[in-house]
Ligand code: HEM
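One chain comes next, on its own, written as structure tokens: the form predicted alone.
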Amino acid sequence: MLKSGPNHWGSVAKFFHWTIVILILAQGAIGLIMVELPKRPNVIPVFNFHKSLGLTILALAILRLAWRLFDPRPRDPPTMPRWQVLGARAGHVLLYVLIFLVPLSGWWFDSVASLRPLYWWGLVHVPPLGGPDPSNPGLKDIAAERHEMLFWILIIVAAGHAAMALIHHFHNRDNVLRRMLPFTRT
């Protein structure tokens, strides 16, 4: 089923969830490797790939949020305490915020660095989010620090999210994880 039901996530929600997870993992690995590369012209394609992948994650996050506006959320397990329900909702909101902020902060960093025009997959020109500020020569460094900090916060929150899903699966033995796994229906 494309849409979610009372006891399961639909295939579209699962597609967005797992595609974004895989892309964030790949993006994180690429970003950590690329900052260690020597600053030479032959590494520009790696940086361009990282930027395009980040913009793709942002686009998928926008589509995912738009889909969530029309797709019902499955019910929480009846055995789940209210504090866990509230914690899960807060955690999901934080994940959404970070999934938006990390690529936006990268876009901002690229904009204030203004090394070259930004193209999404080499095809679509992406306008800058501002530009360098001559009165603030450290703005590029601030933008880079914010982008990296938000990335690490996203990794920590996502790891907590995954840990809670595993606790639900192995300790609580409810269907919280199973209903989001690809190719399953509870």
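For clarity, every value in this text was computed on a predicted model and none was experimentally measured. Sequential numbering from 1, following the sequence displayed.
If you look for the form predicted in complex with protoporphyrin IX containing FE (HEM), you will not find it shown, but the lines that follow are about it.
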Worksheet entry | Partner proximity in the model of the complex: residue 34 to protoporphyrin IX containing FE (HEM), non-hydrogen atom cutoff 4.5 Å | yes
Item to complete: Using a 4.5 Å heavy atom cut-off, state whether residue 60 contacts protoporphyrin IX containing FE (HEM) in the model of the complex.
Response: no
Practice prompt. Determine whether any heavy atom of residue 112 comes within 4.5 Å of a heavy atom of protoporphyrin IX containing FE (HEM) in the model of the complex, and answer yes or no.
Written response: no
Discussion item. Can you work out whether residue 177 and protoporphyrin IX containing FE (HEM) are in contact in the model of the complex, taking contact to mean some heavy atom pair no more than 4.5 Å apart?
Written reply: yes
Practice prompt. At a 4.5 angstroms cut-off on non-hydrogen atoms, which residues of 3 to 33 are near protoporphyrin IX containing FE (HEM) in the model of the complex? List them in order.
Written response: 9, 17, 18, 21, 24, 27, 28, 31, 32
